[in-house]
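The form predicted on its own is given below as one chain in structure tokens.
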């Protein structure tokens, strides 16, 4: 299977305003195959978001290489979803979803048709003309996911997108995301500090140590979907992952 993302010997150090150096990442090596759902899991401050932002090209590594599949480019077929919504508050829901299509010169009728289909997929049909401030947190994140999918991404980067949501809404959106990932056949890299969430979503979990972030273990998750959190297999994996995190 062809790799979508290859990371070799990645290092990153930040310099604070007072000149102190904070080493965020140390010697990260990772291969992510096309079509896989891969989660970066680790404690707060371990560099998960730094890896994601480096892949996106939003920050520059100090050392090492990031190789993307030849046809990938951020804003073209790489999309991102963050915990803090990237929606434009002065545009209604459907105009947020169609924004990237408008920038590409797609005609209004076609982009509205495609946006309506995406909003149906994320469970927001009937809210096309709602203002962003009228939506709940979960609905805003659904809209943000539809906005990202409008790019028809081959690579989707997600940085704790459900972290601010209540448990029931979070669970609903996790199941929705799995269906969308399967439907659109896109490689997904997901950041979380929740073991539960990582196990529910992932084909592979990459466990990072505390700062500076290093890869300490990789888990290939083969449990059938949808996953039962009460099953012995799920519980055993949860305990194993938690033990790995607690030892570092």
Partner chain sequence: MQKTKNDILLKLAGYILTPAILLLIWQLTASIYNKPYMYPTFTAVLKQLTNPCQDHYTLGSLMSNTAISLLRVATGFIIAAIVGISVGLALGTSKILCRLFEPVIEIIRPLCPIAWMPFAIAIFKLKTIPNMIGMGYTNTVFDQVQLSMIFILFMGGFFPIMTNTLDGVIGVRKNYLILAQALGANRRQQFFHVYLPAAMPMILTGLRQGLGLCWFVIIAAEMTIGADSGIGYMLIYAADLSDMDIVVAAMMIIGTIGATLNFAMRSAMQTFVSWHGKEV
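Positions refer to the first chain, counted from 1. As the structure is a prediction and not an experimental result, all values here were calculated from the model.
If you look for the form predicted in complex with the partner chain, you will not find it shown, but the lines that follow are about it.
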| property | result |
| --- | --- |
| Answer option from 102, 71, 109, 120, heavy atom within 4.5 Å of the partner chain in the predicted complex | 102 |
| Heavy atom within 4.5 Å of the partner chain in the predicted complex - the one residue of 116, 165, 176, 151 that qualifies | 151 |
| Interface membership of residue 183, the partner chain in the predicted complex, 4.5 Å heavy atom rule | no |
| Contact of residue 139 with the partner chain in the predicted complex (heavy atom, 4.5 Å) | no |
| Distance check, residue 94 to the partner chain in the predicted complex, heavy atom within 4.5 Å | no |
| Proximity of residue 78 to the partner chain in the predicted complex, heavy atoms at 4.5 Å | yes |
| Contact test, all of 3, 32 and 35, partner the partner chain in the predicted complex, heavy atom 4.5 Å | no |
| The partner chain in the predicted complex - contacting residues of 176-192, heavy atom within 4.5 Å | none |
